[in-house]
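To begin, one chain is listed below as structure tokens, in the form predicted on its own.
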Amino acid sequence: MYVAVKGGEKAIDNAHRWLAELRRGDQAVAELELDQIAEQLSLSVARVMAEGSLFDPRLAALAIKQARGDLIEAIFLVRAFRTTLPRFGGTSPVNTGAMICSRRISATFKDIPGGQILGPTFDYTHRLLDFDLAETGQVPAAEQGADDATAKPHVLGLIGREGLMQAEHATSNDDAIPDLTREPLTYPADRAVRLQALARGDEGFILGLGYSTQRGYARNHAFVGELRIGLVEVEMDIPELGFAITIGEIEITECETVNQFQGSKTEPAQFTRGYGLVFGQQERKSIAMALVDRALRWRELGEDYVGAPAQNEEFVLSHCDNIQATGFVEHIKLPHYVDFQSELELIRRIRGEAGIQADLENGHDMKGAAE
């Protein structure tokens, strides 16, 4: 018989104490400090901030430490904390054209205004373990060059000036854009809502969908028109002053992909774009986001629906959130004793009825054989 495991509050308290002990690890090893996590695990911090919908490197570092490095658990902690914060206003749209870039590349044009900036990237590393890091952690001294703090124009503006890129129309009223962190997701969702969902969606899920579009599960062969990483100023309108003031700066990654478009009855043949923008240095996520964004635009562009997962708005948006996915997947490990007992009794009854019927049939067969 299935017997419920007992323990109650005392068992839960002991589990919490054990968790805290494992989180701290060997007491002889120096404890991780938040500055170490924020500075040396900055890519993990960026993901937690993006999917937690809160830009605060130190808070994300705390969440990573508390979660023992489980990034989804850390994202859950950040989102939970975010709900406690008062909201005192909204900021103006950031001007990514004024970004001070630490990395800026284009796969569509070799020579671009302002030049390409390779920046910090794993793209050209040998993917070999560097055992020197296990010893000293020292980094080689880099050559000092002049810092270029000038803003770089968007590369796709080059195509736009020729009329070859579909124009993006700004929303006349920013207040009309729903806030996905405060309002439930409804279908059909407009592009602004879809981009919000993708920006805070699980990186692995978005990456898988983006990869699928490149393998033929959507008509979505794309080029990276521009990928840029850098700092942008965040401004806020102050009614008493009558103008906007800068309240800080954040690091973001922005990606614009270029996709061919054959045209329609109302639109000429031209290029269209996919768009991705996330907190911190997250180029893989931003590229994948741009691919999925473009795949989801099939209806507004008058393209055919080919049944690809990345084209299915409800499938993508309903399953990209890792906190919702975690809740549904992990809840099945919690007690379901009553549900299971009912299933157990049902199976026993079915088997019993089938067994009786089999015995009756076997009895008839044996009687016939005896006669």
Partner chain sequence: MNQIMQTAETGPSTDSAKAAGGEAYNFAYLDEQTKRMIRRALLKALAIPGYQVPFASREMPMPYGWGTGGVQVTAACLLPDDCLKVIDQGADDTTNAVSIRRFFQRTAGVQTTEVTGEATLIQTRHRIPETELVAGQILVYQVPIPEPLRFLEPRETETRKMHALEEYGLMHVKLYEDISQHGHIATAYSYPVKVEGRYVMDPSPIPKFDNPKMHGSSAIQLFGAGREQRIYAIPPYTRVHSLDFDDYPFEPMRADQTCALCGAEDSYLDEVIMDDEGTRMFVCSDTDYCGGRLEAGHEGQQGDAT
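Positions refer to the first chain, counted from 1. For clarity, every value in this text was computed on a predicted model and none was experimentally measured. Note that the rigid core is defined as the largest set of C-alphas that superpose within 1.5 Å between two forms.
There is another form of this protein, the form predicted in complex with its partner chain, and it is not shown here; the text below is about that form.
Across the proposed site, I12, P86 and T181 without exception bring a heavy atom within 4.5 Å of its partner chain in the predicted bound form. At the 4.5 Å threshold, heavy atoms of L185 reach its partner chain in the predicted bound form. Shown alone here, R58 lies farther than 4.5 Å from its partner chain in the predicted bound form, counting heavy atoms only. Within this chain, W298 is remote from the site of its partner chain in the predicted bound form, having no heavy atom within 4.5 Å. Mapping the unseen interface onto this chain, E21 falls outside it, with no heavy atom inside 4.5 Å of its partner chain in the predicted bound form. Between the options R194, R273, R104, R200, the residue in contact with its partner chain in the predicted bound form by a heavy atom within 4.5 angstroms is R200.
Only one of D304, D35, E31, E314 comes within 4.5 Å of its partner chain in the predicted bound form through a heavy atom, and that residue is E314.
Remark: of stretches 58 to 66, 23 to 31, 37 to 45, 323 to 331, the one touching its partner chain in the predicted bound form is 323 to 331 (heavy atom within 4.5 Å).
The partner is not shown here, but in the predicted bound form the stretch 336 to 353 reaches within 4.5 angstroms of its partner chain through a heavy atom at H336, Y337, V338, D339, Q341, S342, E343, L344, E345, L346, R348, R349, I350, E353. Annotation: Cα of Q27 displaced by less than 2 Å between the shown form and the other one, core superposition. Superposition of the core reveals a Cα shift of 2 Å or more for R348 between the shown form and the other one.
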